[in-house]
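In the structure tokens that follow, the same protein chain appears in two forms, which are kept apart as structure 1 and structure 2.
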Structure 1
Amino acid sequence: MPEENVNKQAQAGQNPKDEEPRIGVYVCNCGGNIGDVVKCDMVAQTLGKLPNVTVAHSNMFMCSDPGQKMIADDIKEKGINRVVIGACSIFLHEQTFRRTLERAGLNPYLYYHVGLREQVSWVHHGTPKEATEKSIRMMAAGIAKARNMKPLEPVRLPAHRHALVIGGGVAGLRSALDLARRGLQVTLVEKSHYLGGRMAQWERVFPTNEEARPLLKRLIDQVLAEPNITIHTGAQVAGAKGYVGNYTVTIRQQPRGVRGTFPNEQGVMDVCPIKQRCEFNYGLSTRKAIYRPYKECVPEGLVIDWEHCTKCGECVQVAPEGMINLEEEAHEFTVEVGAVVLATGFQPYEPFYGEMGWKEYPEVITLPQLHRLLDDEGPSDGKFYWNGHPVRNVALIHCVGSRQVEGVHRAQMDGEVNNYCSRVCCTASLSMASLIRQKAPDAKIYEIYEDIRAYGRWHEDYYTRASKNNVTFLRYYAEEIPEVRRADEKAENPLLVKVRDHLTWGEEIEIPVDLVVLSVGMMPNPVQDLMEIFKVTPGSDRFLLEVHPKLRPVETAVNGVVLAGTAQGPMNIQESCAAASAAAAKVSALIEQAKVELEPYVAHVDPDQCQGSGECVKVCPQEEAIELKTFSENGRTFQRAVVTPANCNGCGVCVSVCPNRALDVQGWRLDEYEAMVEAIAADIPAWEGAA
């Protein structure tokens, strides 16, 4: 923290412009959103009579250019030095109007925003008169605060031109690449021991029909070629300290146990006595405790599954000397970064036991498993076989784990059903249907769906092509999910799917099949730990929440932490890449200049009031945010509290304990609140609400 900034802070607080408040009050109709309920003209008129209010206007759109111009003109021409605006939510336009003030030459913090839309007109539409009165009181409170407001300067901090990308899937890789090419340092951490995430497990990606892994490989190669990117696989974030521009992140890396590659890898795997479910193939095959995640995985080479390894040492015997070290320990290190990209990805929905026959019948698999099954490098070498027999009849059931209905579907652990659409499963299923047709030209393929959501560019072509490929479509009613059951002993096909088909006027259709594929939806990867570390929050669908879906779709409420890819919600590869790039653009804009500006909402000590009681230091929960310093003046030494703004997050705990009222959080001062409370409770001058 450079000293001059602290001084500037202190100055800003200590020497407010000593001038009479001249307050400009503006009431926005919001194109009727507010104006239809609240009589904005009357609000402005009434407020105009309050002391210190120089102008009071109402306008159709305050946020529009003419609206903003009106404010700027008043500042310049009428000497307005405080602005109070009643408009939509503070989260939408506080910044907009601050910039207006700034452009007009006024300190942007001499502004107070009253939410008249979300908190008045939209919730009191039945009582317009009371809503108008409430608007007046809320605005009057704003005016009261404005009278006491002081100009503030943002805290300017140096920032590391270094970003941390968490997650080495396609979104993380894409973000890292963009950031690095922009000239920023990037640290990429990936929990597993290989890069590529879920995309590596796909057989093919739509809408280009490219094979997934070669496409991914090209991206990984580009990432590896960037000198600015440092990659840590097997690594997880263990903790973080700091703030935007200046995070110190602790990373814990699991060892691979194997150093590099060597020729006899297969032999090493063969001797390992431990057999485990292979996650890469979604359990369709097994692997050893020393294994290669998949054939062309990056980084190459074997990995030890520490959880299941018994350290029997068989592999060490077979491997070349020194290549395997079973005693390797996890280690921790820290990186200093300016911003964090969360690209933590998704996991496929795991159906409940018995949900459409899942786990109850071995012939029921999920769509990700089908990807593995049809993959030439998959457990059946790409042959469409199940249990050793060619699959001749297959049904793909859509919306398993998506678009769930309360009361029809079983809820997750948190009591909620997945009522969202997972976006990718329709086209993914359709593309798989065409792939099945290629592999098994005579197979009977059924797609059992609610709505076909082939929304994206070229997606509809998959639907058309599946139809032309003689895939039979059946449409089920949301309330009546298809039933999967065991066929008779003698039946040719092991399973029966029963659907009430909307397209066949509600007829009940029975389909004998060899394999049922559940098109499972997406769920976010469990990242509770990261949410706690970075203080980001999930939405009601459990995916990480953006600030505003339209205005700021990749940013979180925490400055310096952005979202990329499916951590935020279901997306396909193209959308993940676009989102990841957008996240990179935001990070670049934030830290590219090697400095970050922060809101000045930090604790401030009034040295005249402070008696050096030290109460504040005792309660401060932040490290090195406030301390007692000894000063000497005129031969008298005394102690005063001093704040380090970069470390203070403005929690205000110190404010409430100060016996001398010497402390305040800048911008949110206690005396301002007292004035606001008084203003709301006070009588309204010349209020003619009854008229």
Structure 2
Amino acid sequence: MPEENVNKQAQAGQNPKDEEPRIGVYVCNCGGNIGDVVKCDMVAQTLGKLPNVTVAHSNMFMCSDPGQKMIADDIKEKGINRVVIGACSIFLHEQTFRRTLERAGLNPYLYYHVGLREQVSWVHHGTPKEATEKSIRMMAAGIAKARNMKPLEPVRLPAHRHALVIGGGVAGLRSALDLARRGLQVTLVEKSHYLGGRMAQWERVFPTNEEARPLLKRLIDQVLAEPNITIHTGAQVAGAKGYVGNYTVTIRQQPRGVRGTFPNEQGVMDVCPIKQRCEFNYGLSTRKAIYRPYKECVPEGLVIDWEHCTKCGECVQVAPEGMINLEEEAHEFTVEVGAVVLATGFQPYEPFYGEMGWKEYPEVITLPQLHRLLDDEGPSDGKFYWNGHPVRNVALIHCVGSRQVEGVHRAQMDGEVNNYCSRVCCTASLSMASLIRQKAPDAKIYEIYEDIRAYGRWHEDYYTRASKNNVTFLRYYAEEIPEVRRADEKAENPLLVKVRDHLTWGEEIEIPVDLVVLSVGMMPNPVQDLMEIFKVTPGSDRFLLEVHPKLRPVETAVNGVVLAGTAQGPMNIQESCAAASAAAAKVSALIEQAKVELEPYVAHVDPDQCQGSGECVKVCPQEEAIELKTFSENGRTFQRAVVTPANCNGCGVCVSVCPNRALDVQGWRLDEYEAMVEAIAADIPAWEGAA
């Protein structure tokens, strides 16, 4: 075939069956990351002797503009119709090189990437000769695959320009607002009957020391004013089916039981005979079965606690007619969405009974309870009192429920300890020390810690301020847990905290205190139902797992399902908002064009070979990815396997069980694998370093 015709076909992205593969091979030095170990010039020179290799080059940086230009020029001028690149991780530059092929007119999937950095130079740094030979064999296998490659097209699907955000905390609100401002429709569902999540329980936020609830109210008002957002409180996802771009989600909503607001709401709450632990105040106070968590909550009306309401009717008697309906029932509805944001939040660690005196002594509380205690709108009106007495001595013990050691700390129900750092606890404890100093200037404050991790901008200032405010610091080791016990009856302070202080060379110190505060860490909210519905997985810390913490930090392994905020790990409010905006940007990029493009590496059925055995359907791990369908032709009825590309993840399990070899994964066909295996085992052309 004349070279000019080859060039024209290459520019058109064509691949006729009789076209001879013309392979361009490119070896990257990676600025020395590869070239300091592997003889890249020698690799290129050796590979240039293999059949169908038209050009073989090495370059200091293949990903650079000159490196990309080299590839594009070879495609245009020399008719290259396959490209094999040996460089760093495919996760870093796969899209870079695909775009290079597209700009040159070649199908972007006629390219194969060999990881010479992670798989060769980084693991064989001391054996350059063997590393060079391994590079040649790996690149030769890539060339063998390239000879068999066929052009592919992305899987293109229509998509709803509508996103579902699960969670009405600060991350869910931020994500919903960003999505709506990009012109997308948003449905936000919140399990509780009120918006705001944990942020509503704080009085102030660090490091700005601004009031938390006015900041939250401003965000909620912006969300409520956005016409593209529909909010459902008291609602949970009951089921979902479909795939990225086309999810049908079933939502179950509990009724509020109360219509709007009315003047004598306090009187209605007063007549209710049922008292329950107030979750908003972390059990420091009680509430009725008809209640409002705090003064300026949104929505602002009362709500019925159906779990504890006895339907005695006392509230109905004193409320305006028709405002309270104790016979309301839950209802279900569906929404069609293109993507889902999981902003399911966190819950504070709940210590075990007796853990540092928790629930054994009433003078032991948690840091979230201390937040509510010192809040001007809290159960003690912001006064630093406990059991009616002012607190004069207080100990804050860090890392309770975080950085735990197996064999030392008690495991959770899954048998694992919380070995991760919750990140925000140190700064939160230090900020509370400053607040205590304001509320009780003469109080003695002890911070008992493993390490101070005030990692954020301006967070270190809290440590400096606490030191200047005469806060006493004592450092313990994880395997030497501080001991909290009851003091003698005649003692002035009810509790004693015994700790081995490694700031004083391991001296054992006993501190008399009025109150012990456990700085508890973060744990994920229990969302097993959502994990099953959306097929997402948790990490070893039980938080929802992203694909890659740096390259794909908010995406899950399920296309169209992304994470926001503390659903994926401990974060402060600033970080949660940043992660929520990142999730919104990802969703927007995915569905804003009303279509999605997916990788073409999915199962493909050869209808001429398929006999409809159904073995592939039995073993497929992906719901609705492959099924048997009935066809009729020339009066004959038969069954054939049919793949739904949007649900297929290209795992290849179906390929292994097909008795007729009717199945293959596009881009990774069996003949490509076989060619690669043969190339790895084959003799390689002579090269200088072989001697």
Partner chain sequence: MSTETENRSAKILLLATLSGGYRGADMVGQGHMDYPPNTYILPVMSAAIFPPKFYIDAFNKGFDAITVMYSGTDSPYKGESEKTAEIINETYGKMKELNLDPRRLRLAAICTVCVRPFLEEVQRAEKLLEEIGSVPRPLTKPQAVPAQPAGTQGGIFHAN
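Here, a residue number simply tells you its place in the sequence of structure 1, counted from 1. So that the term is clear: the rigid core is the largest set of C-alpha atoms that superpose within 1.5 Å between two forms. Bear in mind the structure is a predicted one, so any value in this text is a computation, not a measurement.
Of the two forms shown, the one predicted in complex with the partner chain is structure 1, not structure 2. Relative to the superposed core, Leu173 shifts its CA atom by less than 2 Å between structure 1 and structure 2. Relative to the superposed rigid core, the position of the CA of Thr132 differs between structure 1 and structure 2 by 2 Å or more. A movement of the C-alpha atom of Val617 reaching 2 angstroms or beyond is seen between structure 1 and structure 2 when the two forms are aligned on their rigid core. Core superposition places the Cα of Cys40 9.9 Å apart between structure 1 and structure 2. The two forms, fitted on their core, place the C-alpha of Val155 2.7 Å apart, compared between structure 1 and structure 2.
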